[in-house]
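We begin with a single chain expressed as structure tokens, specifically the form predicted alone.
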């Protein structure tokens, strides 16, 4: 991947792929980059080559349609590339099959999706404990069950989706453990009914699980995951309406796998890297870039779309991608203002009509501060650097007042994941003492955006290849 183009799109999920297609239709030379071997993102993830799958599943039907459209287009698709640096220009460096590659463009669209949030508990680092999103990767892409006896826990619509996927694949779901209660689901029902097709799909999951007599423990959380070297049992604890434990652990389930998730966090590393303005919006997953109605950030030439710009789901992301593609064509001088506004208007209306469902789903997955506050002092928060909660509290006592100071004091967020797994929870712990999430801010974006090995970047060499200057004259 080298040279120049008119537009670079990072991320080939529903948002990024549609942005690339629309921009290309209006004459832009577009490079679409994704780390996965094919387009589709998390929601329409393709299985690995050679694996059979259900052709009627949405990830197959809708994902294959998207991949076919890309294949028939002139979009320059660069899959299997890990983007590790984006600099002014916009220059994108990515590690591909042949080493480091770079491409430049005056416009960049970040469609980097979201990563999952797991609020830590004792034993969450044991083998056998994985996130709900990780479980969907196993089920959709690798057609592998996460375990033989699986507990599915956390909050939000992914609980039923993952549990139903396990049952469909022939696995056993020991129980579903939901932080929410029936009243919260009933409250969200009218908004979710605004999209009957998705509601019917969710009801189908529920009926499938009921037919298998899978128990559902409403208003319960995970007290601890236990085992000798690997997961063997899960202890449950009743929680209140805010997610905080309200009694002693009352149930223990024997299990060799725990799939757990407490919502998603927008992957806004690129917009942070360019110091775009951001807002803290709990309903949208946390810190998100400030955008105009078309995906433009406060940095000229930089757009952000999809769940990486705020959690709204696949359908709004798809529409947002088309809108951003139009905006890029307009900003590149390929689409007149009147034509741009005329093409964007119906898309804006469609996205607005999806807002109620998106807000209801995001609300079920929003971070529960009381759940975070209940984390015990010895529980590991940053699993890369083994930082427990007690060290975060000690950092505040020593004077840390924002998350970058917290990183300096504790090394929290300095491991291979660059704070993706611990950042939201660590910031919430600090914010509870400082006063607000706005006050503690977010970690400064910097490369590498993803971990890459030096040997992959520099290739093979010997010391004989290093130029040594002649000694200076005496």
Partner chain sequence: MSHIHDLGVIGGGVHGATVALFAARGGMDVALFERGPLCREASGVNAGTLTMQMTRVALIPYALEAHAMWASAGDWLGHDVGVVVCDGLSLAFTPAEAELLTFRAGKRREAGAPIEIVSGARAKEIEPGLSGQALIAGHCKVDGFANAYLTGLAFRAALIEAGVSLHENCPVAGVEREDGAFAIRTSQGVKRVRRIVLAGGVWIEPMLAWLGISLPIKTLINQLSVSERIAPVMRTVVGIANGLLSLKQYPHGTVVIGGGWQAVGDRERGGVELLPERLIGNMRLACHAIPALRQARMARAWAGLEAETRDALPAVGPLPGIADAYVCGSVHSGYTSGPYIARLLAEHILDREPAMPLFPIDRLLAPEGAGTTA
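From a predicted model like this one, the values you see are computed outputs, not experimental measurements. Numbering follows the first chain given and starts at 1.
There is another form of the same protein, the form predicted in complex with its partner chain; it is not shown, and what comes next is about it.
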message = Heavy atoms within 4.5 Å of its partner chain in the predicted bound form: which stretch in 340-348, 279-287, 177-185, 89-97 meets that?
response = 89-97
inquiry  = Residue-level question: is residue 26 within 4.5 Å of its partner chain in the predicted bound form, judged on heavy atoms?
reply    = no
ask   = residue 452 near its partner chain in the predicted bound form, any heavy atom under 4.5 Å?
value = yes
task = Indicate whether its partner chain has at least one heavy atom within 4.5 Å of a heavy atom of residue 69 in the predicted bound form.
result = no
inquiry  = Considering non-hydrogen atoms and a 4.5 Å limit, does its partner chain approach residue 274 in the predicted bound form?
reply    = yes
task = Just give me the single entry in 298, 194, 376, 404 that has a non-hydrogen atom within 4.5 angstroms of its partner chain in the predicted bound form.
result = 404
query = Does anything in 428-446 come within 4.5 Å of its partner chain in the predicted bound form by heavy atoms, and if so which residues, in order?
reply = 444, 446
